[in-house]
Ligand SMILES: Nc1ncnc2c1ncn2[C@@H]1O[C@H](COP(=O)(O)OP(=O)(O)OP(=O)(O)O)[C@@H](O)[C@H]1O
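Take a look at this single chain in structure tokens; it is the form predicted on its own.
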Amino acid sequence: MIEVKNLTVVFDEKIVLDDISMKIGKGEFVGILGPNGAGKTTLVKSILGLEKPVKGSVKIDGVDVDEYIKANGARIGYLPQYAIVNWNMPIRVVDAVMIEKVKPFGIFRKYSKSEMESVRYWLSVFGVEDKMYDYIKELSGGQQQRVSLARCMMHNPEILILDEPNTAIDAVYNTRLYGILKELSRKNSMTIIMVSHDIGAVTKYVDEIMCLNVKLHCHGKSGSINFSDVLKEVYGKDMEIVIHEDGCKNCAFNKDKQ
């Protein structure tokens, strides 16, 4: 579904992404790992057509990304690393979730029954339905992030791109969030690309892992990756990794199965 070929991006004469090639199939849940400054955000922005490479290409469904976005932009949900909503605005949660579905000043109109049902459904999926009529400035950082996730889902996207979606979300809800994303990927055949620093947990939930630091150091299933070697290349030092699997006992990530 998504094909990146020989992608090179340069900022101020510095190579940020160097000859990246990879494919992501429909319905796959992919985690992108790497240190700060590795080019993870630049890669997802390139997939969205927001960054232009000096070399290489990005295609979605066999079509150049710019052409695809022009024709099918609503089929992609995107949660950037930094919020696009001004959380000090005097609007309610329902308005924030609807903000990309209405025309300018549309938040002052009455929403349809189907729109309200959709808002309520996605807020319930992310556990903040009870905040539907609260003002967004009253929410905690974690609640704001969950509202942003609900907003991303209002178009029922086929592709969901999340740049560190667990920002400000507590560790307990992180586990639930990963489970929700995995279920969306499987049940809705939704292609999900998630940038994360949460190495140990991500390995349990995603289908494929990409390890990135300017170059693409690995791309495959977690069980096929030698993390000791790869992470030394990616992070520049030895790291101890715990892989969470269904058989783990007394593990915080498996509490729902104990």
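This structure is a prediction, so every number in the text was calculated from the model and none was measured. Heads up: residue numbers just count along the shown sequence, starting at 1.
There is another form of the same protein, the form predicted in complex with the named molecule; it is not shown, and what comes next is about it.
Residues Lys14, Gly37 and Gln81 are all found to lie within 4.5 Å of the named molecule in the predicted complex, as judged by heavy atom distances. In plain terms, the part of the chain that comes close to the named molecule in the predicted complex, with a heavy atom within 4.5 Å, is 28-36 out of 58-66, 186-194, 202-210, 28-36. In the predicted complex, at least one heavy atom of Glu164 sits within 4.5 Å of a heavy atom of the named molecule.
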